[in-house]
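Here you get one chain, nothing else, as structure tokens; it is the form predicted alone.
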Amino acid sequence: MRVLFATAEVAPIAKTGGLGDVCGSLPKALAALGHEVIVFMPYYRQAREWFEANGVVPEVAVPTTQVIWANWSAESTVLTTTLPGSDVPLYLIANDFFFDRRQIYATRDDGFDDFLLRYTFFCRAVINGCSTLGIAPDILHAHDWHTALMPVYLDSGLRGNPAFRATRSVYTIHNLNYQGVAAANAFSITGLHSRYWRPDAVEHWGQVNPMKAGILFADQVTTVSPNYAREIQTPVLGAGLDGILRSLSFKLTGILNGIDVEEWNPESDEHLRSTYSAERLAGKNLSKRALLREAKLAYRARTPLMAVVSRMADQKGFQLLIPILTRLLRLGAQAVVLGSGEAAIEDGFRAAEAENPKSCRVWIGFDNALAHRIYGGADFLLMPSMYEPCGLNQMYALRYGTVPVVRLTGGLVDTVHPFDGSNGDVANGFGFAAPSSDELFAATWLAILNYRDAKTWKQLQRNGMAVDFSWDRSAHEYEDVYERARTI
């Protein structure tokens, strides 16, 4: 099959989260199965900087042309290279007005947020690029709200274009809470006929909702874990679209994301002080000592080192952790924290560090190499998420023998099997259900107590390290979804 990926992010070129990780890895896994995969993304300032830093010069595939839709027009230049570490073609849509900004999702310089126009232009530029280059996909795979209009365009007449005559669509929800909602007067930006301004199309409670439209018009819909697929069909986590998702559950599939098992491999990770494996765990203790030195914390035998590596947002549940962090540290633990985001959460972690300078170290920002060292050196990872569509951090932790303590939601349910004292043969972490600080404290305290039992702890580590989180499994499941889309 020829599969076209349309996405706002591709790791490691330009990403803010899991969307970029998926679209940087899944195409390579599908190509390894024999499919022809082509990826389109915007040519952000961040992408240009990545290419410059890595000595890559994308070539011009389509010179600057006018992309015209309805009453709109904008210039597009299509550049081409390959996904890093592969032969998968990567096409970049360049337009400095829309994509040369200080951050991937930054507003215009005057503060106006033109998000719907930016990504509508991107969708139209992808269509234009495919037509010009003669790319005729069997499957159009659109990702998140940014490209949710692509399945709608297929329905609205795009199949009259020879490049898209036989194309079927798959739409993946990476995070249902970000739907690209805009005011009603923004409908004209889409260029769609007025017949699409209705409740069973783009209109949703008097507003434009691209994600809703993508769900309705795609031939198949996926999301990033089986449990999240169930959760988003409930009023609590359905973000206003639960009724639609329940009615279309026959075409909704939850497929757990994978991780890059070559980059995240404790046996060969160049960032670690000492590499190790499930059979040879001594290197993890050496990496822990090195991490504590870097954090300017003293090594204490049989003292567990807790870790947080995360974007600092309310979604991640740190409003549950910060109030109890000092209590946990005073019960006999140490902590290292890496991340950035909302000022209140950053300030909360800084205050915990100031109150506990001998047992807590906080790094505000993000450093990929440091993240590797934290996963390699920490004893357990805290992920008290309010919701978590898939989650990758717990997979990194498990692969490194770092036992996760998680709130049992979304993909965390699919990947972390809490220890209950009787399931040591399968358990690989600790969990709690209710979104409360007391529940998080109890689960973490249980982890601290079990850390003191070396035999139990090593079994939990080895169970986690034995799980296959490679993209191979996921790629086969996407292959099945593509086949279902083609049979409609």
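Everything quoted here is computed from the prediction, not taken from an experiment. All residue numbers are counted from 1 along the displayed sequence.
What comes next is about the form predicted together with adenosine-5'-diphosphate (ADP), which is not displayed.
Note on the interface: of 100 to 108, 236 to 244, 195 to 203, 304 to 312, the segment with non-hydrogen atoms within 4.5 angstroms of adenosine-5'-diphosphate (ADP) in the predicted complex is 304 to 312. The closest heavy atom approach of Ser287 to adenosine-5'-diphosphate (ADP) in the predicted complex falls outside 4.5 Å. With a 4.5 Å cutoff on heavy atoms, Leu19 counts as touching adenosine-5'-diphosphate (ADP) in the predicted complex. For the chain shown alone, Asn71 is not a contact residue for adenosine-5'-diphosphate (ADP) in the predicted complex, no non-hydrogen atom being within 4.5 angstroms. When adenosine-5'-diphosphate (ADP) is considered in the predicted complex, Asn185 lies well away from it, no heavy atom lying within 4.5 Å. Leu338 is the sole member of Ala295, Ala352, Leu338, Ala94 with a non-hydrogen atom within 4.5 Å of adenosine-5'-diphosphate (ADP) in the predicted complex. Though adenosine-5'-diphosphate (ADP) is absent from this view, in the predicted complex it lies within 4.5 Å of a heavy atom of just one residue from Phe122, Tyr375, Trp145, Phe318, which is Tyr375. Contacts between stretch 345 to 374 and adenosine-5'-diphosphate (ADP), counted in the predicted complex as any heavy atom lying within 4.5 Å, involve Gly365, Phe366, Asp367, Asn368, Ala371, listed in sequence order.
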